[in-house]
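Take a look at this one chain, the form predicted on its own, written out in structure tokens.
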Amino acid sequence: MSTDAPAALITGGSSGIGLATARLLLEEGIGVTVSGRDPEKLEAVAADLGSLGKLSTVAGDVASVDDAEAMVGATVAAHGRLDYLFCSAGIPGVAPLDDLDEALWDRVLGVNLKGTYTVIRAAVPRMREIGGGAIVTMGSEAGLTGQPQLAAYCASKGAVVNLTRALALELIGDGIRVNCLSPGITNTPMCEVEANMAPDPQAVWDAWKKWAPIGRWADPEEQAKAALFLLRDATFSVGSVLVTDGGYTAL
């Protein structure tokens, strides 16, 4: 049974930008379902954010069509509806071409690109039931520029940008807005993983602090505000790419 209070599904919501967005949406009175692959992390999210509003969690892998369907079903079961979808699940893939094997390529594209498609495809019928909704995909500055040793990641995020545009045109007739958030360097666990893959992680961190013209990296909370804007407030934005990279792609 549908309720009047809006509800959101956030994939990859157990850390980083997804977690910050879950917190912000709850504070704004929006019901939230957080999905992620690690049940223990989801338990920590529930303990941390559960007092802020109506929160549920569901474990699964966005690269699985069945898991994506289950995430959407769990959201509707918990909240009675699905108004907002933030596809924030993503993984890095740092490797020079010689080390970029098929397994890594498939996993990065599977989570970042296929995982965006699977959840959107599952969510759209639910949004049609209530007359519309809003979807935000997770791009990256790396989807707008080329970067060495990030071929799979750049390819996946560049594809997400154009997937966003195509679906935005296809779905706006159903009252469903689709837009893309493309962050720059943000202080998240995924960036920590990426840095730790380098021979000198500290050198990477030091470089990232000076990466963008703004002279620092972003906090997840800054990116969450941009996600909320695209989900709820950017009512005339269709197929747009909001770049929140401190000026990096303006260079």
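All of these numbers come straight from a predicted model, not from anything done at the bench. Heads up: residue numbers just count along the shown sequence, starting at 1.
There is also a form predicted together with a small molecule; it is not shown, and the following applies to it.
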Could you check which residue among 49, 191, 212, 70 gets a heavy atom within 4.5 Å of the small molecule in the predicted bound form? 191
Contact residue in the predicted bound form, from 224, 55, 30, 185 (heavy atom within 4.5 Å of the small molecule): 185
So in the predicted bound form, are 117, 133 and 164 all sitting within 4.5 Å of the small molecule, heavy atoms only? no
Pick from 73-81, 93-101, 136-144, 171-179: which stretch has a heavy atom within 4.5 Å of the small molecule in the predicted bound form? 136-144
Using the partner position in the predicted bound form, report whether residue 9 sits within 4.5 Å of the small molecule, counting heavy atoms only. no
Residue 122 versus the small molecule, in the predicted bound form: is there a non-hydrogen atom within 4.5 Å? no
Please tell me whether any heavy atom belonging to residue 111 falls inside 4.5 Å of a heavy atom of the small molecule, as the geometry stands in the predicted bound form. yes
Does any part of residue 89 reach within 4.5 Å of the small molecule in the predicted bound form? Heavy atoms only, please. yes
